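Listed next as structure tokens is one chain, alone, in the form predicted alone.
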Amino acid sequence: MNKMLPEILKIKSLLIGYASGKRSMSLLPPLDASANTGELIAIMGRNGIGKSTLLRSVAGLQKPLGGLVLINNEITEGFSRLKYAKTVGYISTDIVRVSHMRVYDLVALGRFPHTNWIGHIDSAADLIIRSAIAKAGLPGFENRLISELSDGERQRTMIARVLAQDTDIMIMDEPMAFLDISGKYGIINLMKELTSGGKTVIFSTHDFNIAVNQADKIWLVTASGIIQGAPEDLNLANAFDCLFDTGLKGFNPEEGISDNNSALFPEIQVEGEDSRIRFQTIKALQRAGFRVTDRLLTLKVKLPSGNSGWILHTDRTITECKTLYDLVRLLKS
């Protein structure tokens, strides 16, 4: 099999918070997490836990109190602003309110890291800008004033700006906060298209259903640190319990998951009887684009037994995966 996609981002013992003079206040214990090329990563956590501060720290917009951010195994502390802007794109939840600026002009700001010192937009850059506007769901809006847009349209404009910036890593703080249901899934589909093209997209969300059904990986921010893994791995570990009040009635994470993948193509056999592990395994495989069957196939997965993990059989190899996240990565590669 081909080599797995490389790690593009890592945070090591990252201490986030605020400093004023000689005083500093950390929000969480040191954090560790990683992201690979071409992954869609959802960041989840309770309100006020520090998700936005984490995203700003990773994007180089807020200096961490300690620890490291590495991009392509390079420590970002020495990055110039231009190098950061060519590597990481970022949008926040803040609503942009400016007068006398067109949609085209705001999106064009995303090309700044790639232009000369006078910011000249050539024909190639113009094509990228217009393509970004169309991909964000705003075709024909180029000459609309920002002040004339709805909150949702402004959010789409900011997403278009990040698309025009064309960075390997795109960080979005609640990009679907002002969008309706159709708009949310339109942006999700766009994110998945970007990751299919090799971009790494990291976004925060309070939408549990979107996160567990669409993300390749979740960074679950808790008071004890970050728990990361495939949504099904976190489900199996009951990690999502921290998002809900103790004793909350009626919440069942398994029932909250729906299969909306309509184009399942390769078949894969699943062997094993543990109903809970089988359920989460099937969800992970379906999300990765596989049709699960009990028929005898060369491509099959054996569920964990004893101290073993998931065993993937192909026509040439037998590989053990300790987590569903590793299994899906291996299958995708």
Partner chain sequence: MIMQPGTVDLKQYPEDLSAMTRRWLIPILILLLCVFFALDIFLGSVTISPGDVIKAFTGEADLNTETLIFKFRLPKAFTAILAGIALSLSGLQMQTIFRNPMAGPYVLGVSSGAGLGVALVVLGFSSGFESGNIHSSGSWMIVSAAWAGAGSVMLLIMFISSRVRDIMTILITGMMLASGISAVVSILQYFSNETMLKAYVVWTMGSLGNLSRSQLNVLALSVGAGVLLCLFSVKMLNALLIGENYASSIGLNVRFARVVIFSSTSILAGSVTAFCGPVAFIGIAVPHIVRNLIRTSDHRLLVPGTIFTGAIIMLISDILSQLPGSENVLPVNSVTSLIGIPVVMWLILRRNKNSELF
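Here, rigid core means the biggest group of C-alpha atoms that superpose within 1.5 Å across both forms. Residue numbers count along the first chain shown, from 1. Keep in mind that this is a model prediction, so the values were computed, not measured.
Here the subject shifts to the form predicted in complex with the partner chain, a form of this protein not shown in this document.
If you check the partner chain in the predicted bound form, you find no heavy atom from any of T200, H206 and N238 within 4.5 Å.
The stretch that touches the partner chain in the predicted bound form, counting heavy atoms within 4.5 Å, is 105-113, out of 67-75, 207-215, 222-230, 105-113. Among heavy atoms of V98, some come within 4.5 Å of the partner chain in the predicted bound form. Looking at S182, you'd find a heavy atom of it within 4.5 angstroms of the partner chain in the predicted bound form. Of the heavy atoms in I91, some are within 4.5 Å of the partner chain in the predicted bound form.
Contact check for A125: no non-hydrogen atom falls within 4.5 Å of the partner chain in the predicted bound form. The partner is absent here; in the predicted bound form, the one residue of A85, L243, L194, A177 having a heavy atom within 4.5 Å of the partner chain is A85.
Of all the residues from 129-147, those having a non-hydrogen atom no more than 4.5 Å from the partner chain in the predicted bound form are G137, L138, P139, G140, F141, N143, R144, S147. Core-superposed comparison between the shown form and the other one: the Cα of Q155 travels 2 Å or more.
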